[in-house]
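In the form predicted alone, a lone chain appears below as structure tokens.
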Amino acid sequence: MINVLSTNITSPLGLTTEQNYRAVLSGASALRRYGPKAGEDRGPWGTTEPFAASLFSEAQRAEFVIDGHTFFEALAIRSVREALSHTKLDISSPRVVLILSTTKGNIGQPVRYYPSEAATEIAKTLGVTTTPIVVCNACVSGLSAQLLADRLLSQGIYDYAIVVGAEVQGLFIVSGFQALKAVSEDPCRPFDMERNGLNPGEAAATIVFAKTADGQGWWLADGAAQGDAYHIVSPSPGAEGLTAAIEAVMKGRDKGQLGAVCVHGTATLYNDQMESKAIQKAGLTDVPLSALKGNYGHTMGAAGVLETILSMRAADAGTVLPTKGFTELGVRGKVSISDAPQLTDKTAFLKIMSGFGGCNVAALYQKQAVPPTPFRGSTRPWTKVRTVKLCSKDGQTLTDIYRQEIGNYPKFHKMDILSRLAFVVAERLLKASSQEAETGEGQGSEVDVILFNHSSSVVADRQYLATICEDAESFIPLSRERFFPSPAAFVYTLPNIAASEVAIRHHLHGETSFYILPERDEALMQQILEATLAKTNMRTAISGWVDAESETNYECELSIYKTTS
């Protein structure tokens, strides 16, 4: 349980939390339709199809320029600085950590290609002296980053955490979602009968957390993550993962204290349907819902932070924010949702999100005049049961290993190098002795899969870029005749899919998370793992380093960890 010291939202609708709140309350939306202009066959960045999106204007972008930094980095820096201006925090202290939430970071820029490099530059410019951590967990990244902050602060590893979520749009992301047929040409309509896709969005949002606080304030009271182990793109039809995450957070708590549930609400057919089922199964049918994608589009790595901040500000005003674009309910689960603001006298809300790879996160926020007793950490004993290592220098190709040792999972050949690497090493790890004895492996087993690396999904990024650009360095779009975005390649540009492939293969229904670091740091990795095990009910975890710079340059070291309490 950690306290919120300060917040900021920097978006096309405003440069402060208050400006953004007022804009949403008034029904404003930054969504606009983009596409080829009359007489042209290409739209923004070289896109070939029309789309609706929430993008910064050229005038707004000019305001954020910081010499030596990309727009993505400058946007994140601007948001953090504004949030910090309302605190007296010494960010140079070794007790302060920067956690960056993003899905693609500087993608589309030839400099600081890896998110870890961007995070390092952001931290350096801000004056943060500790190692920054990038959370790259698909659409749930922003909420996962807040759970990580809670875990690290609750364990006493740090006293303060700066969580900043940021995303900028370009040909890479937009064309990828278009290839998946997930983008709407018109402003999205969450939970509506006529919803037909998401809209990409740009924003940065920051929450500064503290381990303790004095006086009245907002607290991240609890959080949980649960995987579907179902599919890397489609959510589980039964909503088992999200339902389990919600129930874990609300266990022993009065649901009547919730003023709202801030949903993911991407306005895609299956996500909204799945969310509605989870809400009904968790017994939250009568709690008002708020979906904000109709105002901002899907801001991806920023979404979980931005939407949490707006929900806090709305609760301060006794308001449940409206769902812009909603007209008629188009989901089967029984939910309460409106396109108009609603009043509430309750000071607690639930934030939920789901993402590619079958990851689901729920977090409970509450406001109290007297600070509750912070979680003081856990002394749950744990042990490393077994370790398996593999690197490109070993001489065998991953395909050879698959054919010789596995051979019964054809989907392997569709995976990117990062997923194949994690898959093969996890297979060896779990087969080294009885899976049942060591992991309880089987249908419904709850095992966390926590992975780390430095280079994100760089190989998959290059493979996808080859379907849309002349080369991976220039980002010059291919001619219209050769422009053919690959949906399969695009999905694997999310590094957390590597963890999900392991979970799907072995039916592991715990948390799947992916963290990117500037370099391999065993001490920091161990701290993150121990903090995760301390705050969850999982008794087993698969964790370690999985990094691939190319098809012929890779390394992986995974271990099984068990707690005995």
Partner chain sequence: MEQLIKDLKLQIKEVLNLEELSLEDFDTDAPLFGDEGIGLDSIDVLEIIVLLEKEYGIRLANPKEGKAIFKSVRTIAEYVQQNRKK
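Every value quoted in this text rests on a predicted model; they were computed, and no experiment measured them. Numbering follows the first chain given and starts at 1.
A second form of this protein, the form predicted together with its partner chain, is not displayed here; the remarks below concern that form.
For the candidate spot formed by S234, N408 and R480, every residue has a non-hydrogen atom within 4.5 angstroms of its partner chain in the model of the complex. For the chain shown alone, E49 is a contact residue for its partner chain in the model of the complex, at least one non-hydrogen atom being within 4.5 angstroms.
Using a 4.5 angstroms threshold between heavy atoms, S486 counts as touching its partner chain in the model of the complex. Mapping the unseen interface onto this chain, L180 counts among the residues with a heavy atom inside 4.5 Å of its partner chain in the model of the complex. Although the partner is absent here, Y402 sits close enough that one of its heavy atoms falls within 4.5 Å of its partner chain in the model of the complex. Proximity to its partner chain in the model of the complex, taken as heavy atoms within 4.5 Å, picks out 411-419 from the listed stretches 411-419, 253-261, 140-148, 69-77. Between its partner chain and the residues I91, V458, L390, V491, the one pair within 4.5 Å by heavy atoms in the model of the complex involves V491. Out of the listed residues V385, A248, L269, A472, L269 is the one that sits within 4.5 Å of its partner chain in the model of the complex by at least one heavy atom.
Using a 4.5 Å cut-off on any heavy atom, none of the residues of 316-330 reaches its partner chain in the model of the complex.
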